[in-house]
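Both blocks below hold the same protein chain, though in two forms, and each is given as structure tokens: structure 1 and structure 2.
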Structure 1
């Protein structure tokens, strides 16, 4: 499990973020005293840190620069300073991403995922998502079962991935559209209907037709077979 360290001085935000990340499959920790922040971060040695800029003691940009000298951990700056200059400074000091408060948590999560995936490319083969009844291959945009592989369009793949991430939960059409919009595919209601129909047909080809069910007035649900 990946370790994420939250370096943030607002107590409530820190606790809620920690809770959220722990619920989403990460091991989140946070720093509560800021007298020796750089030392503490290096000692904990997480895979990724979420770093605020306005901190008591050393500021985030300085911490970022110092950590980069000694470590390769992923750094995401999370700050309320919303201007181009601060963003450039942070990126120049070696931060991987710059996110402004209040942030869209799904986008933050997506950035964390992609950073950690890239960092661990060689160790794990995390291009594949095991969805029990079938497997998703993120590098080829395909869905596989028993050596049979079906190619999906980008949007179909994203929708299916979203279903897998929210397995056995009802997802509304708005949720799906929002998820697609987050990855810059600004589809409308009709296009979604078309995509869902095509996805159903493709699932049928693998003999998994009954997996994706419509909940009238609420949305869809992806079930587990066995």
Structure 2
């Protein structure tokens, strides 16, 4: 369930928004004290904030700017300032939307739904690596091709990811072991041989038998098919 934080000093509006959002599938909460707003927002770490501009202490535009330096959370400015300059400043500081009061609450809900849907798609895309001949899914530790998915162990996945990052370059066994050491997953030479054999078998299951080649005395190379 997505978490939405309401940063609004109008108590009546704040309570209405919180109740409405909780009734529409979100977990909504509010900030009621504004002496350390930026710290409180980052500590709560919501998926989206509804941020007023006219707040006690730091104004919403400054808060938006500072939050954006440290987080990619979605930000919707909800304010009574109905002028292009404030809208431009807010958008330049990193706000995703700018809505003026009074507003249609259903339109606000539609904008929230849209923003969070796009955020989910971005996260999903960031977890996937297009290796041309196949796809690596970092969230599932799988490699995929033509709707067929094969599960990899953590070490197999890290090794294959390292090959993808060094595509068409010869990678030595020492390089691979060092890569795994850096990822806090040490393996010895014999274990590496086992992992490479398993990777070859799994690539073959996807019809990519000749993709991973051995370069005698040098290491391995991941080719591009065709």
Partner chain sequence: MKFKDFIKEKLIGIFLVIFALATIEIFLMAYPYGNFIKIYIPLTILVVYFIGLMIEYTSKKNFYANLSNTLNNLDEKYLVTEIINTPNFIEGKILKSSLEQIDKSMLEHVNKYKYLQEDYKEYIELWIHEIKIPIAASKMVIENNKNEATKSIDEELNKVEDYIEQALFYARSNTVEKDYYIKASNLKDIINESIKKNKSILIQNKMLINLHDLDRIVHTDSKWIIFILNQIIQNSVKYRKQDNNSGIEIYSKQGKENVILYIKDNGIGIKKGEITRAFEKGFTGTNGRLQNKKSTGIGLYLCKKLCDKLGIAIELSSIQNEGTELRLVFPKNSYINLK
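Rigid core (definition): largest C-alpha set, two forms, superposition within 1.5 Å. Everything numeric here is computed off the predicted structure, so don't read it as measured data. Positions refer to the first chain, counted from 1.
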The form predicted in complex with the partner chain? Structure 1
Problem - Rigid core superposition, residue 193 Cα moves 2 angstroms or more between the two structures - result: yes
Core fit, then residue 167 C-alpha moves 2 Å or more between the two structures: yes
| query | Cα of residue 211 displaced 2 Å or more between the two structures, core superposed? | reply | yes
After superposing on the rigid core, the Cα of residue 176 moves between the two structures by an amount in angstrom of 59.5
